[in-house]
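Next up: a single chain in structure tokens, the form predicted alone.
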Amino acid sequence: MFDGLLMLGGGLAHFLTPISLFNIAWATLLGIIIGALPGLTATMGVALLVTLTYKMAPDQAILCLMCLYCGAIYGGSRTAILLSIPGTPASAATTLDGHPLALQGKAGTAMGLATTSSALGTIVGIIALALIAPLLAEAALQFGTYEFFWLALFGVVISGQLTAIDDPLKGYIAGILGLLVAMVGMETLHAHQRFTFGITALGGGVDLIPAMVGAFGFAEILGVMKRTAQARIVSSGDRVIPRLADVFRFKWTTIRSGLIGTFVGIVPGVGEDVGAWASYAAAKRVSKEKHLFGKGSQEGLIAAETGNSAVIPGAMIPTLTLALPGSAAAAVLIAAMFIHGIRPGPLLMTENPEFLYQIVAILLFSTIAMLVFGLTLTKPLLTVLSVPRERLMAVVYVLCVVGSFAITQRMFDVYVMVGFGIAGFILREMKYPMAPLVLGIILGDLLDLNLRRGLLLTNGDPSPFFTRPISAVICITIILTILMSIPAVSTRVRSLLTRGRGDASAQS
């Protein structure tokens, strides 16, 4: 623990420089603006910024990306409260009580509570990151090629189910599409070309950054072109800085929502929107003021904002220790880390242990910046909402093209970006989630490489995939996850559990 505190102190000192503080300020502010603008998501913002950080030092590049990520998740609450339009999907639950509060003339109070809740939620997640990540990294050293195969598959399956709760099959299909994309190009064991169809440019595979910029950026442009413009009301009304009594009145809701958000963040590929909804549902279930939820409940607003912000540090736990992204934005961060020569995974704590605590320091600095901007610049930030999003899309389009071209200076990557943008737009229109698709592309190589390496080690015998203890546990978990997503099975299990509880009550 003492070593951890020393490294945390070193991480804080590392970023206490003028250039770092400047980068924290503009990246967090840019993130808040991106999050506040409906149509621009945190993942898209991070993906676009990755393309502008190639020439930066690795620590400063990751600093900017993390600060933009935190700012964007928080920034979505602005439009959720004022316009009842979530700036990002993570703020959808905030609209339920944030906008009714604004209609009651308490927009300033709502935005102040959203700001402090986001900061407190991030701090709960940061504590969990500092405590859990080193332990998980140590446990991950016991994992071998068989376990990593199942972990990659688990990430795609669980992401597919939790991001498409109404129809998990669509989530699974999106994940399989991502895995298929990852199979394109030269495989890493024997350097054979696969699925290139004679196209030379596909020999190196589909680059992740153009694919993600297309799926999140260009697809969003197409979506904005289709949707009609919304009327805008930009007024904060009453005081923005909340009273301490209002902040600490629901302290247990804050702690519970922070823990739920952190746990959701640890689950690969799920993301901030699930964290917000899970925290909101839990708060409503145990609240003494259930009747106020959906009508302007401060407790509901606090739960949603605490939950979605706590997901960010939680998502960094599997990202740093297992190289499994906890959210779609974390998937982009993994790609950025590899671009800048940082290898997340079980060996991170051995090869570069101070990096984990630098991430903790970045999150702390970003939280402070978010708190300062959120409480002091609310009215100037609201003027940004008066900019028509259709005009912003022209800027986003330029960034999409330039960012995709810049990494290798190939027009082919621009074509990949456009292709994934059109495919992403069609899939969104058909209600397919994007997170499993991205996770499939990220984890495809890990899954493929460990499957074939494991079979090579045993001369084609697949039994170690099922007989090693950790592999068996993950395999059974995957099977149960898929079975429980089948309505007939889940209904039957629930009826058996209900009948069991009824019999136990009758006997007592």
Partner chain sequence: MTTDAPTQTDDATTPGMIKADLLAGLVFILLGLAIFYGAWTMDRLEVRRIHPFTVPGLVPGMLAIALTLCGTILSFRSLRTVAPGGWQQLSGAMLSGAAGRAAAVMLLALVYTLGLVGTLPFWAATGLFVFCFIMVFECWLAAPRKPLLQSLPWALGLAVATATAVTLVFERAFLVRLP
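All figures in this text were calculated on a predicted structure; none of them were measured in a lab. Positions refer to the first chain, counted from 1.
Keep in mind that the form predicted in complex with its partner chain is missing from the display, and what follows is about it.
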Legend entry - L65, V157 and A201 each touching its partner chain in the predicted bound form (heavy atom, 4.5 Å): no
Inset, instruction - Quick one: from E351, E289, D246, E390, grab the residue that has a heavy atom within 4.5 Å of its partner chain in the predicted bound form. - result: E390
Legend entry - Among the candidates L259, L371, I342, M183, the residue which, in the predicted bound form, approaches its partner chain to within 4.5 Å (heavy atoms): M183
Legend entry - Close approach of V264 to its partner chain in the predicted bound form, 4.5 Å, heavy atom: yes
Inset, instruction - Look up in the predicted bound form whether F338 has a non-hydrogen atom within 4.5 angstroms of its partner chain, and give yes or no. - result: no
Inset, instruction - Indicate whether its partner chain has at least one heavy atom within 4.5 Å of a heavy atom of D167 in the predicted bound form. - result: yes
Inset, instruction - Examine W277 and determine whether its closest non-hydrogen atom to its partner chain in the predicted bound form is within 4.5 angstroms. - result: yes
Inset, instruction - Heavy atoms, 4.5 Å, its partner chain in the predicted bound form: which of 246-254, 308-316, 427-435, 328-336 makes the cut? Say which one. - result: 427-435
Inset, instruction - Can you tell me which bits of 276-298 touch its partner chain in the predicted bound form, meaning any heavy atom within 4.5 Å? - result: W277, A278, A281, K284, R285
